[in-house]
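One chain comes next, on its own, written out as structure tokens in the form predicted alone.
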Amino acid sequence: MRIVVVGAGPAGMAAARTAADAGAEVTMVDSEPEAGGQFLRGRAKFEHRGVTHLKNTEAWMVEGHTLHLRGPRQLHFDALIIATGAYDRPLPFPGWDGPGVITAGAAQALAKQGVTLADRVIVAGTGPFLLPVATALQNLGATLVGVYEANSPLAWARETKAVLANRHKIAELASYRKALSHLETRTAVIAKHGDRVTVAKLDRHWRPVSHRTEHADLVCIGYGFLPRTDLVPNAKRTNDFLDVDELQRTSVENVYAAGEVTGIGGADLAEAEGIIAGAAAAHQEPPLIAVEAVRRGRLFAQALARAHAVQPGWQTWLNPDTTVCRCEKVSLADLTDAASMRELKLTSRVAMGRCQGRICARNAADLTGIPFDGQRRVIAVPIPLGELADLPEETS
């Protein structure tokens, strides 16, 4: 049985190992030079003699039982496991497209290579990911001006079931104690000009109620994550994430999904989902320990989504000339009246640049009131026309 896994993070590695141990012929495809995904960043040292690991390889389309790769190259499969993870969601504000503003994920990736980019740093957004990023920067000697959480931690008081089922995550807070001393809640960065950063206190809808000026060379922003679901544009989803059943099956036949494409819940949940997906794809019964880990992890993921939801008041931070789409230099004032995302792209060029809307499309949809339908395009990543021309012709 041929199983292809796309993604080599905790979910992908677990799926590949599990399927190979069950006797399947497994190929794991990943665009990075080493396994580990965004979480381990090449530190995984993945080795399994039953898994062929294709590094530095981009997958760009699923067609029937064939996965198309850059090259061009094709992999035929009996089952496909999507474990492509997620990426940061930044929110725009005046000055966010200038120097000294990066995503929290980029800051963490650089920190793992020993790079901080600046001496005085602010980390802002929502969600527990802010704390490890801030801690990593502190450990490299950066001065932490502040860690600004836009939501209130009181939201977790209503999530007792999820907290009790995941007590080990509370213990992790102790490792972030240095960063916690800089934490301010209901607070956000709403503008940056040079090293002058406007920091606002927010109401529960994220509308500014007061503001002050801080001085920082670098602002790292992260307002949650958006999943990389491009390879299965027609699969059913809820709130951007792929819907899966108890065996990690998507609505597309013979296609499974694991990890943060199904919801943001951390590396433990991703790994457990990968184990279930790998076992199910290889027609094996998933181990009960993984099933229980997924049950607990999803309680936490659902609580996380509620406690750190993006609130609509962020839209009041923008001016008419604030950049919304960095690739195409589209400002808030450039966004046109449109009935669909397709029409909005054609009339304003938002989401038409190199990132193909991964950074701006969701924000543009929120700003215009157009329903966001995810990134549902046939070709998942930009590829040269020459590669399309080199594809083998179908024979009748």
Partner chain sequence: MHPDVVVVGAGIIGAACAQALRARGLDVVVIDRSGAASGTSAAGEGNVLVSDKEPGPELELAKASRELWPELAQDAEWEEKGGLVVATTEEACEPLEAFAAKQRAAGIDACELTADEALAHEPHLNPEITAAVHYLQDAQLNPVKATRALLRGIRIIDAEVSTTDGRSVTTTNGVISCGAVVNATGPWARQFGVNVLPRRGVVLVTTPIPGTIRHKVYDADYVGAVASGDADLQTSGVVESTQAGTVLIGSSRQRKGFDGTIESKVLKALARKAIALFPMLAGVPVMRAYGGFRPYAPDHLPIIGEDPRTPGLWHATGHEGAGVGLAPATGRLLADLLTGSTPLVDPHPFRVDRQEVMV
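Predicted model only: the values in this text are computed from it and were never measured. Residue numbers count along the first chain shown, from 1.
The following text describes the form predicted in complex with the partner chain, which does not appear among the structures shown.
Q: Find the only residue in 34, 366, 343, 58 having a heavy atom within 4.5 Å of the partner chain in the model of the complex.
A: Among 34, 366, 343, 58, a heavy atom within 4.5 Å of the partner chain in the model of the complex occurs only for 343.
Q: Is residue 386 a contact residue for the partner chain in the model of the complex, using a 4.5 Å heavy atom cut-off?
A: Yes.
Q: Heavy atoms within 4.5 Å of the partner chain in the model of the complex: does residue 331 have any?
A: No, residue 331 sits far enough from the partner chain in the model of the complex that none of its heavy atoms falls within 4.5 Å.
Q: Can you tell me if residue 382 lies within 4.5 angstroms of the partner chain in the model of the complex, counting non-hydrogen atoms only?
A: Judged by the heavy-atom cut-off of 4.5 Å, residue 382 is in contact with the partner chain in the model of the complex.
Q: Using a 4.5 Å heavy atom cut-off, state whether residue 68 contacts the partner chain in the model of the complex.
A: Yes, residue 68 is a contact residue.
Q: Are there residues in 335 to 367 with a heavy atom within 4.5 Å of the partner chain in the model of the complex, and which are they, in order?
A: Result: 336, 337, 338, 342, 343, 346, 347, 349, 352, 353, 354, 356.
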